[in-house]
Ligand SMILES: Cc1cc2nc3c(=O)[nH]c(=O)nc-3n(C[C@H](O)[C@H](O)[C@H](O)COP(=O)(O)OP(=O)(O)OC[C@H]3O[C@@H](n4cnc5c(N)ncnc54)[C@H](O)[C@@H]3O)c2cc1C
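The chain that follows stands alone, in the form predicted on its own, written as C-alpha cells.
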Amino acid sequence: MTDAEIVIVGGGIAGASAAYHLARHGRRVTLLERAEVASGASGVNAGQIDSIGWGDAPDLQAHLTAGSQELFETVQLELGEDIEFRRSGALQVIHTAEQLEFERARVSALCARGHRVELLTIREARSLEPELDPALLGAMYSPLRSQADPVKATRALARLAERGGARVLTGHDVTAVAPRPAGGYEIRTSRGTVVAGALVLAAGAWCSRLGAMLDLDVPIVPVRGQMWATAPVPPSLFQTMSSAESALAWHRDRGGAPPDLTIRDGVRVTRHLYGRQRRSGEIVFGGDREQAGWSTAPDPAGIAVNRGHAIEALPFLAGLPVARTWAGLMPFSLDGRPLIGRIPSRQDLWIVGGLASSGFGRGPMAGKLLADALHTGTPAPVLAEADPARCVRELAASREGGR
C-alpha cells in the first residue's frame, strides 16, 4: 500500500499540470494513469491553442486560454522542454455573406473588450496563407493563437512534476475508490492500493465513472472527436485553421445537453473544422463532435464530410490522400461549462474536468487553478462559474429526479 498526500487520477494535460503546480507548492503528489501519460484525448487532439488574449476584464475563458498559452510558452522557452510550441496565429475562414456579417460583429465585440482579433479580406488572409481558396470572403485573424505537439506537451508537464517531487504511476487502472473512516480515500488500482489525503478527479470523460464509485453523478459525458492526416509534405500550411460555419451555427443554437455538437441524435446539424501542419510535415484536420457512447472507432462518413470542408478552404488538400484516421473521447459537461474545484458533498474531493473539445488548449491553466485552490483552500474568484457544486449530485438524488 502506498500513501500520498494528494492523488490525482488522470494523466492528461489538466492532471499533469495540476501535479506539476501542486509539486511546486511543496505538496506530496501521486498521479495515477491507467495507461501512459497522454494516452487519452490529451494526446490525440490537433494541438491547437486558442488564445485571443486576456482582454480588459478577463473571465474564466480568458484565464484558461491566455493563461494556458503563457504556460506553454514557459515550458518551451524557459523550462527546456521542446513541445513544438509556436505562436503561429490562426485564421477562421469565411464562406458566405451571412458568415461575413457574423464575423464582422464578432470581431467588433471582441476588440471592444480588449481582445486581439482582426477581420481580414481574402487577399490579406492569403498573404498569410497562400493556399487559401481565393473565392473565400475573408477570415478572422487571431495573431496570438498557437500550436504545440499534444503528446510532447502533456508528457513534458508530467516530467516537470516528477522533477518537482511528484510520483507519476502509469499502468494503474483505478478499479475502486472509497472514503476512509479516518479521512481521505483508498484508491484501488490494477497494480495495488494507494491511500490519499485528498483526491483529484482529472480523468477526462471517465470522471463520471470515478464519480459513480463514490455514489456521485458527475455530469460529464464522452463525445467522440475524430481526425485525419495526410502523409508528411513540405511546409504548406502556416497558421492553425478553422471555419466560421460552426461558429455561426452554435451562436444561433447551441443545442441540448451537451451543447455544441455537429451530430445530434444521428442528424448532422453543422460542420466543424480545425487543423494545422505538424512539424513532421503531416497535415491534420478534424471537427466532428458526436455522442457515440465509448466508441473510439472513426466514422468514415464523418471523415469524408470533414475532408470536403477542409478542401473548400484549402483546395490543394484535394491532391493529398488521407494517410490515417483516429478518434478520441472528449469530456463534455452537460451545461457546457468546466468543473474546476472542490466537490462540496465529499471531504477533500476535487475535480478538474469538462473542458470539452479545447481541453488541450485550456488544460494547463485549469490544472494550475485547481492546484492553487487546493493548496490555499480558497479558489480564485474567476472559478465561480466552474464550481462543481452547481451540478454534481448524489446518484440516488439524480435517479429520483429522473435524470
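Just so we're clear, the structure is a prediction, and the values are computed from it rather than from any experiment. Note that residue numbering begins at 1 and tracks the sequence as displayed.
Keep in mind that the form predicted in complex with the ligand is not shown, yet the notes after this line are about it.
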Based on heavy atom distances of 4.5 Å or less, which listed stretch (103-111, 134-142, 304-312, 201-209) is in contact with the ligand in the predicted complex?
201-209
The unique member of 351, 29, 355, 64 whose heavy atoms fall within 4.5 Å of the ligand in the predicted complex:
355
Exactly one residue in 371, 365, 52, 44 has a non-hydrogen atom within 4.5 Å of the ligand in the predicted complex; which is it?
44
I'd like to know if residue 34 sits close to the ligand in the predicted complex, meaning any non-hydrogen atom pair within 4.5 angstroms.
yes
How about residue 9: is it within 4.5 Å of the ligand in the predicted complex, going by heavy atoms?
yes
Contact of residue 338 with the ligand in the predicted complex (heavy atom, 4.5 Å):
no
Considering only heavy atoms, tell me if residue 274 and the ligand come within 4.5 Å of each other in the predicted complex.
yes
Counting only non-hydrogen atoms and a 4.5 Å cut-off, give the residues of 295-334 close to the ligand in the predicted complex.
328, 329, 330, 331
